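The chain that follows stands alone, in the form predicted on its own, written as structure tokens.
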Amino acid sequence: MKNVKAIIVGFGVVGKGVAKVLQTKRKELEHDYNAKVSVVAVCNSKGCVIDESGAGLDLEELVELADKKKFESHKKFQKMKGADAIESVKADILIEATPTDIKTGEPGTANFLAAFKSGKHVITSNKGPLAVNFQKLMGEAKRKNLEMRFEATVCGGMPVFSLVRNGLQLNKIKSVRGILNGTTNFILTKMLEDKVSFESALKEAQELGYAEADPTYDIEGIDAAAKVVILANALLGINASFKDVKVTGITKVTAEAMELANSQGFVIKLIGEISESGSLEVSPRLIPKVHPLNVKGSLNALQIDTDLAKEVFVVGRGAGQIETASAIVSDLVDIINRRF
């Protein structure tokens, strides 16, 4: 049996989702992959719960405490920063699920570097560090002969990087474009189908939980742009950061524009694109109704153009607690298979 010890830093929606999946899929991990995964530390913004014995924490108990806002009441709680726990706790893998900060990349970047310094592989759902410091972090991982995996950063539960890594070997990726943000796709779909204003569609998205109280990252194209940066670096080898993306959001899209496009056989979608020339852009685009990228609701869709397989399309759920956790656990299993 492969005994793998992990640390979860960031115990919000995604972190708790990972804990739930590890709990519910424990038998499958042991039976199908001969692996026992023990989570020996869990950290949130207040501090960390650490199992000094190394046997592993009760994840069900931790999720319940976090849901009740009583995480700090755990008997093994210590007031300390995630980066300090990462360096001091003996473990094999860091699962980094702190909130995204596009401007600084923190605290994710510090957590990544602490993991590499202490010999830990990194799996993340956090776009910030990769949008700001992709090449630096990947270089450090390679220098230490460690894995840095980030399937969950782009399109949630949709396999993108693993698809290219395991299914498109020897293919040269020529360009990538797609719907990378489910919130904006929901809003644009609602505007078209219900013939309502942007403001009305946004309000409904917020009421249903698709959009945050402050929806800026989504509607201004910032979230999609961060994903474009990650795709550019990871799939096309472009040394890009957030400042290299030309970004236009959907706030100026009107119901009238949607109807006009519809009458001519098109829909308007917020598309993130890395072109063959290497330019990076996020903007509303006209997409033919019959095109595979014309997906509705909160779905994501990606078109990967290659030299051998030609156009490859992937469609799926781009967000959600368990969907995102699925991508993280997929990275975890892949690292276990390759490294343990």
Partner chain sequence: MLKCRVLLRLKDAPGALVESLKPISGHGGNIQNITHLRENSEGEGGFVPTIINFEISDLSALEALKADLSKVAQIRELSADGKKLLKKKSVSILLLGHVMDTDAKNTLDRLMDAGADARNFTLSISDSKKPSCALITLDMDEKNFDPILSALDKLSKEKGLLVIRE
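Numbering follows the first chain given and starts at 1. This one's a predicted model, so the numbers in the text were calculated from it and none came from an experiment.
Same protein, other form: the form predicted in complex with its partner chain, not shown, and the subject of what follows.
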item: Residue (of Leu235, Ile219, Val253, Ala91) lying close to its partner chain in the model of the complex, criterion heavy atoms within 4.5 Å; value: Val253
item: Proximity to its partner chain in the model of the complex, single hit among Met158, Leu202, Ile268, Ala83 (heavy atom within 4.5 Å); value: Ile268
item: Its partner chain in the model of the complex: contacted by all of Lys246, Leu260 and Val290, heavy atom 4.5 Å; value: yes
item: Heavy atom contact within 4.5 Å of its partner chain in the model of the complex, the stretch among 260 to 268, 93 to 101, 202 to 210, 226 to 234; value: 260 to 268
item: Its partner chain contact at Val312 in the model of the complex, heavy atom, 4.5 Å; value: no
item: is_contact(Pro284, its partner chain) in the model of the complex, heavy atom dist at most 4.5 Å; value: yes
